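There is one chain below, alone, in structure tokens, taken in the form predicted on its own.
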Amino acid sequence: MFSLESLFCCLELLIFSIIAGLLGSLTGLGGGTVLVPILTLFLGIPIAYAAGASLISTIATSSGAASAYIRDKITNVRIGMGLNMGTTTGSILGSLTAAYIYSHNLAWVIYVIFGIVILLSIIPTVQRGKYEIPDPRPPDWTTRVFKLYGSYYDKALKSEVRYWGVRWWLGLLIMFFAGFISGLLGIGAGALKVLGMDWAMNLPMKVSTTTSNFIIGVTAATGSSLYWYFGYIQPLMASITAVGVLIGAMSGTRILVRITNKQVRWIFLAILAYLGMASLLRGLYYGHVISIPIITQYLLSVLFMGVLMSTLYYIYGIKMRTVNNTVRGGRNG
């Protein structure tokens, strides 16, 4: 019989899952990238089971968000299908590697890798932060052969956005690595998938995030089958998180079409900064490399996010705006 405490835990799990799904669908990260650290950092759930629940939830996120984005014609299904080859192959290898790590009590390594991967993702994302729509590049042979182009109507900009994808081979390589990380960490690895399309293939941010939402479901389905085989999926936990993430993801799709690419990128960066630092500190703590109390780790992660976002806002918000105004003033003069 369910006790009041169990009911409260389920409710808590559902609320956190809704938040994870909302943020995951907005940024293309997938619910798992947000859900795994939330379950482990805030609820104390072992990372192996959090990763298993996350993979199931990621399928739910992908199903809910991707269907809406395809309906709005923002997702590029052709590009997504072409990149799925890399993610599924990587996911199988990553899941087998994770099983080895968990069986040898090396879970802290997962936290550290997770933190480093997320923090490194910030660099190329920041470098493209000044663009609302990427500068067009001439189509290469992959564009011509695989027809990697498209268009969508941007409600925030009130205009039709046309784009061309480039360097499919580089995108596929990054997708393989993203699939490996997905299987290893039990997440959608949307951060890497978005980078593969945003940075490597020069696609608009909204196309990258929505196509990432489409891809992560296939990747997660591959990884979750192996996690189920190894016993890392708790059915009740996975069910609750899947429902919560799906609710959050459906809400996120209604918000995304109304905000700009730059606003999506700022949200993306803030989440990466906090989760990356929090996971890195937790991994080093579990590995007995540092002895910082848990509450201090939260505060340090928030501080890092605040300092980073303030610095970026100064550089790309205030400073760049001042430079642009000066240039315009000079031209006018």
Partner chain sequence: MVDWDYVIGLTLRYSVIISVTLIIIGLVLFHVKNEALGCSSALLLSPTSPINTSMIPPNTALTRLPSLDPLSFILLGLMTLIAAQVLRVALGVASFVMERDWLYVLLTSIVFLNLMLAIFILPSILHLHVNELALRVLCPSGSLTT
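Numbering follows the first chain given and starts at 1. All of these numbers come straight from a predicted model, not from anything done at the bench.
Below: the form predicted in complex with its partner chain, not depicted.
> Can you pick the one in W169, Y153, F230, W141 that has a heavy atom within 4.5 Å of its partner chain in the predicted bound form?
It is F230.
> Can you work out which of L43, V302, V289, I292 has a heavy atom no more than 4.5 Å from its partner chain in the predicted bound form?
Contact residue from the list: L43.
> If we define contact as a non-hydrogen atom of the residue within 4.5 angstroms of the partner, is L148 a contact of its partner chain in the predicted bound form?
L148: contacts its partner chain in the predicted bound form.
> When the contact criterion is heavy atoms within 4.5 Å, does I56 count as touching its partner chain in the predicted bound form?
Yes - in the predicted bound form, heavy atoms of I56 and its partner chain come within 4.5 Å of each other.
> Does C10 reach its partner chain in the predicted bound form, with heavy atoms at most 4.5 Å apart?
Contact with its partner chain, yes.
> Quick one: does Y285 come within 4.5 Å of its partner chain in the predicted bound form, counting heavy atoms only?
Heavy-atom contact with its partner chain at 4.5 Å: absent for Y285.
> Please determine, with the chain shown alone, which of 115-123, 100-108, 157-165, 211-219 has non-hydrogen atoms within 4.5 Å of its partner chain in the predicted bound form.
Careful reading of the contacts points to 211-219.
> Is it true that M85, L96 and L236 each have at least one non-hydrogen atom within 4.5 Å of its partner chain in the predicted bound form?
Yes: each residue has a heavy atom within 4.5 Å of the partner.
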